[in-house]
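Here you get one chain, nothing else, as structure tokens; it is the form predicted on its own.
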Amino acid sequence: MEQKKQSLRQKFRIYKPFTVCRIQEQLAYKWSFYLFIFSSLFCVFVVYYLWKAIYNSSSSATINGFTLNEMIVYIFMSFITSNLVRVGVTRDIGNEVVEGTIAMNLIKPIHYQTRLFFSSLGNLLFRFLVPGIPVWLILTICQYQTAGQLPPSPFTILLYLLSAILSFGIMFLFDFCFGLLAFYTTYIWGLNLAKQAVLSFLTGQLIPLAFFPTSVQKIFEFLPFASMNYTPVMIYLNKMPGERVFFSMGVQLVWLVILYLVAHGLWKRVTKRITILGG
């Protein structure tokens, strides 16, 4: 047991600099990051005013189980969650393949996938602090002042954070598997843009999955896409009964295991391909 603890501490010391480096990178290129946040918030407010117009023109105060206030919370919490779990693994792998640095990174005495994970963890920590907490605080204050609505209970927030962590793991493994296409296509920039557009729709980032037909919702329940964004946001909104929360988090755990096994198998095939191409 003591040896395992020492091994974990040693691994953490080895890979922690990659997390710190990614945070420093975000700080070094802060104007680029601020531009990204501004453009993202601009899109969020476009969606906000769109839904506000829909509710104002509707004869019912509730649409598919969402009031206007709940939809506003959904929009902004979806923005926070999607930023937290977003990883740039596909971009990183694609850049290394194009630049040819992938070969040097593979022969280094570090685990390639673990290195990418700790780098992505740096993104998670930075985006939790900026813009995660500030946007959440502003949202909470505005909701209280305009609608007298208090934030969820600490237990609900804890469940949301746990679900968001599982979403991060699922997104990382999915992005890693997708990024391995770069070994076959070489240039993956266009495919990555298409993937992001499709995911923003399938994960419920643009439209809550509750607005889809019931048959489609049942299919999405067992696919990994809802687990990437929709599940933690619905937990935060208290839109899931108690047993439903644990069922959805169980689905997240199952997909985490499945994607880990898929990523492991694909990585073995890719490394064999590299060996063959390298002579």
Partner chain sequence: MRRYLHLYRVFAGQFMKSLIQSKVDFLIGLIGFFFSQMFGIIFLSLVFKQIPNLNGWTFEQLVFIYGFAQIPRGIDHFLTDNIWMLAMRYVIRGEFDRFLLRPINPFFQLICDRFQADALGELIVGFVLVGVSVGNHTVTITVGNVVLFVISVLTGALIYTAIKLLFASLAFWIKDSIAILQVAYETSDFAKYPISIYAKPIRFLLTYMIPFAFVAFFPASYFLTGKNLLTTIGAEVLIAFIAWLLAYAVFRKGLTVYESAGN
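Numbering follows the first chain given and starts at 1. All figures in this text were calculated on a predicted structure; none of them were measured in a lab.
Another form, the form predicted in complex with its partner chain, is not on view; read the next lines as being about it.
Interface residue among Leu125, Ile165, Ile102, Leu206 relative to its partner chain in the predicted bound form, by the heavy atom within 4.5 Å criterion: Leu206.
Remark: Ala147 does not count among the residues lining its partner chain in the predicted bound form, judged by a heavy atom distance of 4.5 Å or less. In the predicted bound form, its partner chain sits within 4.5 Å of a heavy atom of Leu50. Using a 4.5 angstroms threshold between heavy atoms, Leu68 stays clear of its partner chain in the predicted bound form. The closest heavy atom approach of Pro241 to its partner chain in the predicted bound form falls outside 4.5 Å.
Only one segment in the set 154-162, 129-137, 196-204, 88-96 has residues whose heavy atoms sit within 4.5 Å of its partner chain in the predicted bound form; it is 196-204.
Remark: none of the three candidate residues (Gln143, Phe246 and Ala263) comes within 4.5 Å of its partner chain in the predicted bound form, counting heavy atoms only. Contacts to its partner chain in the predicted bound form (heavy atom within 4.5 Å) from stretch 185-215: Thr185, Thr186, Tyr187, Trp189, Gly190, Leu191, Leu193, Ala194, Ala197, Val198, Phe201, Leu206, Ile207, Phe211, Phe212, Pro213.
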